[in-house]
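Next up: a single chain in C-alpha cells, the form predicted on its own.
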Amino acid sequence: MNAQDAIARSAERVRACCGGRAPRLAVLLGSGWAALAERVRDAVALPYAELPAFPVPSVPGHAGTLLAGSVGGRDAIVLCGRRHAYERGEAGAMNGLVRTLAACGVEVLVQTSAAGSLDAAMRPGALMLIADHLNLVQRSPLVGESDSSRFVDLREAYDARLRAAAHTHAQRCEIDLHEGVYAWMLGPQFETPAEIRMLQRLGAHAVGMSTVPETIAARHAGLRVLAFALITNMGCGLADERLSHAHTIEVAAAASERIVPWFESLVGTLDL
C-alpha cells in the first residue's frame, strides 16, 4: 500500500470513528500527558495499529490510541502518543498521522510534550509555551517530497494568535505560563552538561526529543500549531538529579494534576 492510499484509508476509519462529528482540532499527547485522555467525553477509541498511515509507538506512556470525543466542550481528536525519531531513526515517522488529520478536516494541532529546562527560573512542574524551535538534529520529515511545497516557511511555526489566547487564558486562571524556544535533540540518551551549556548559548529555554518533526509536517499540511512543554527536570548539570524516562513520567504525572484541567478548559476557548 502506498502512502496516499494509507492516508485515505486511515482518514476513512477516523471519520467513521468520529460519527457525525467533524473536529477541527486535534491534541497530540506526549510523555506525562496521559491524564488528559481520561477527561475526553463520549470517547470512541481506535488503536493506531488499525490505521495504516499511523506509526505504533514503542515508548512507555505512549498508548498508541486515537480518541474521538469532546475536550472542554469542543469536538476533538486526541492522539495518545507519538513515535519519536529515535525509535527507528525516522524524522518523518508521524507524517502519515499528520496528513490523515488534515484529510479529515483538522485545522489546528495542539502538541504536548515533556522537556528539560535550561532556564533557572523554569523549574520542574512548570509549563512552557513553545514560541519557536531549534532543529539541532538537522533532520526533516519533508525529505523525499518532490514538489515546491516542501520549502515551508516556518516564520510562524507556532501560531501567534493561538499563543496569545493561551497566555490570556493562563492569566485568567492564574496559571504561570512561561514562553520560550524549544531545542530538539534526537535522543534517546539525555544530553551531556556540555551540550546543555551549548543549547543555553544558542538561546534555547527547554530541550526535548519530539515536537519539531510534527510541527514541520503539520505546517507542510496547512495546520496551525500550538505546542506546550511540561518541564520535568533541569538540564543535565544544572541540578543534582539523575535523569531517566521513569523520572520524567513521575514528575509529569504529579504536575498534570494542576496543568491538565487548565489545558482542557483552554481547548474549549480557542478561536479556530
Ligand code: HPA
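Bear in mind the structure is a predicted one, so any value in this text is a computation, not a measurement. We number the residues from 1 along the sequence you see.
The form predicted in complex with the ligand is left out here; the points below concern that form.
message: Contact with the ligand in the predicted complex for Phe190, defined as at least one heavy atom pair within 4.5 Å: yes or no?
response: Output for Phe190 is yes: heavy atoms within 4.5 Å of the ligand.
4.5 angstroms heavy atom contact with the ligand in the predicted complex for Gly208: It does: once the ligand is placed as it appears in the predicted complex, Gly208 has a heavy atom within 4.5 Å of it.
Ala114: touches the ligand in the predicted complex, heavy atom cutoff 4.5 angstroms: Answer yes; at least one heavy atom of Ala114 falls within 4.5 Å of the ligand in the predicted complex.
task: Please run the contact check for Ala239 against the ligand in the predicted complex: heavy atoms, 4.5 angstroms, yes or no?
output: Outside the cut-off, so no.
task: Choose one stretch from 46-54, 33-41, 66-74, 231-239: the one whose residues place a heavy atom within 4.5 angstroms of the ligand in the predicted complex.
output: This holds for exactly one stretch, 231-239.
- request: For the stretch 239-256, return the residues whose heavy atoms include at least one within 4.5 Å of the ligand in the predicted complex, in the order they occur.
  value: Heavy-atom contacts within 4.5 Å come from Leu243, Thr248.
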